[in-house]
Structure formats: C-alpha cells, structure tokens
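This document starts with one chain, in the form predicted on its own, laid out as structure tokens.
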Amino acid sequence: MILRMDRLPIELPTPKNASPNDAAAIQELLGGKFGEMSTLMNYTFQSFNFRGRKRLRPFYDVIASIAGEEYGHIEVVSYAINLLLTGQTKRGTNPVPAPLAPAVDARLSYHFAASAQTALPVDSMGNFWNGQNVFSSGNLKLDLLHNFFLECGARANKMRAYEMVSDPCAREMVGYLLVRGGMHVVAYARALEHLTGVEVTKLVPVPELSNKAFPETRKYEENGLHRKLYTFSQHDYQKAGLIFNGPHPEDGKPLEVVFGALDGFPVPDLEEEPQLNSPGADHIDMQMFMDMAKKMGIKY
C-alpha cells in the first residue's frame, strides 16, 4: 500500500508566462521510454513480483523504496507541465471568438484537445505510454542491471530536456530530478556490487553524475539529497541500509537511508479553465459543503 500525502517534494515556481512548448518537451520525462511512469512501473512490478524476499530482503527493500519515490516524481513532473500550460488560452464561456486559437501553434495540441491544458501519459511527441516499457524478468541480477541502465537513460533525457527549456519552473523540476535520479543510479550500482562483487562504480558515471553544470541542483546537493535514500515508510524497508551504504562516488561522503519521506511543499492550486469546460462543475452548492464541514469540525 502507498500512503499518499497532498504535498510535492519541491516547491515549483509559478511561470510568468505560459510555455506550451516547454510543457511538450518535458512530457518526455513523464511518459517517455525513460520517463517517470516507466521507472515507477518497472520498480513497482519488480517489487510486487519479488521471489525469495526473506533471503534477499535488503535488495527488495531498496527496489520498493525507490518505487515509492517514483510516484511523487510523476506528480511533480505533471504539475510542472500543468503550470507551464496555465493561462495559454483565453478564459471564458463564449466559444465564438475561438478562445483556444493559441493551441494551433502549440507543438503538442493534445494538451488542449485531449485534456484541459494538463499533463497526459504521453512522451514529447504525443505517443501514449504503454506497458511494454516495463521490465520485470524475475532474475535479480538482470533486473538490477536493467534498473541501472534505465536510470542512466533517464538521466541523459533529463539533461537534454534541461537544455531544451528555459522556464524556471521546468528547470527547477528537472534539477531536482537530476539529483534524485543520480542517487538512484548509485543505489542500483551498490546493489549490483553487493550481489555480484563487480565494481560497478567503474561504470559510473554513465552519463556524468556531476550536477555542477546545473545551478538548480546546488541547493538540493547542499542538503545531501544526492546521498539519501528515502524509504517512504516509517516502519518498513528497514534493511535497505545493508545495500545502500559506503561513500558517494563523487564527493566521498557517506550514503544514508532515511526512514520516511521528505516533508514536501503545498501542491499548486490550478485555476479553472471554463473555455475548456474544466472542471465543468459550475452548479455546485458550496454552502452545502461549508455547512457539512462545520458540523464535522473540518476547516473548509
């Protein structure tokens, strides 16, 4: 089970102007082959399907912990896309003046035709994510090797996406993912080393693990987020530290397991888009909810 919190792992700056083409570019980090949907479902199915868990519990705990984090990564990429799309079309209920006209100049018109200027489970070209991106062989060595490759591929895509976009909202999100994705590369490398005895760190960085070229990553690394594995559970996955340990391959500081989750930040409140009939619930009696909340002792 996943304990969901109404928070984002980072605070996303609100864009000054809508940028649908930046939103289209970072869709690759959501629904692409190496996107967050792929990492989530790879590690989730590998954890569900893990055989011999009692004997190999530390490896299971690492995979399950990273799977828990990936859910939040899907969420933060989606909100970055949503913020970049907000305000692109003229709000109102009159369809005659073509309020969605700016959508014809957007590279990914799905954001307007298939959703209310919001994220979709697609890559940067509008191809829908599918389960063929999930690899769960049942062989621990093979799965861990695949996960190492997957995180390296994901890191390459994040670096390229960063170089495509200029909006601070998009770059803040990508900077955070570069830090956390680099940590996942290290985690799977350490797991392979414990399992096989092979010095996988000689393959790291693939690509370069250093984030020094990306200004948005600095504050996260100063807080040690490139060295911390969160379990996203207060009581379970206690043996992850038997795998995730030793020095970080770049700065030499010790790797650390944190039992629990990041504190997080409030989720952005997305404005209504009536020209897209979103949310399309104009006749809700708000006073009814307020009265019910008062009776239940809930602040509304």
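Residues carry their position along the shown sequence, with the first being 1. Computed from a predicted model, the values in this text were never measured in an experiment.
Below: the form predicted in complex with another copy of the chain, not depicted.
Spell out, yes or no, whether the shortest heavy atom distance between G175 and another copy of the chain in the predicted complex is within 4.5 Å.
-> No, G175 stays farther than 4.5 Å from another copy of the chain in the predicted complex.
4.5 Å heavy atom contact, N139 to another copy of the chain in the predicted complex | Yes - in the predicted complex, heavy atoms of N139 and another copy of the chain come within 4.5 Å of each other.
Is the gap between E221 and another copy of the chain in the predicted complex 4.5 Å or less for some heavy atom pair?
-> E221: no contact with another copy of the chain in the predicted complex.
Can any non-hydrogen atom of K239 be found within 4.5 angstroms of another copy of the chain in the predicted complex?
-> K239 belongs to the contact set for another copy of the chain.
Within 4.5 Å of another copy of the chain in the predicted complex, which residues of 159 to 192 have a heavy atom? Give them in sequence order, or say none.
-> Residues within 4.5 Å: M159, R160, Y162, E163, M164, V165, S166, R171.
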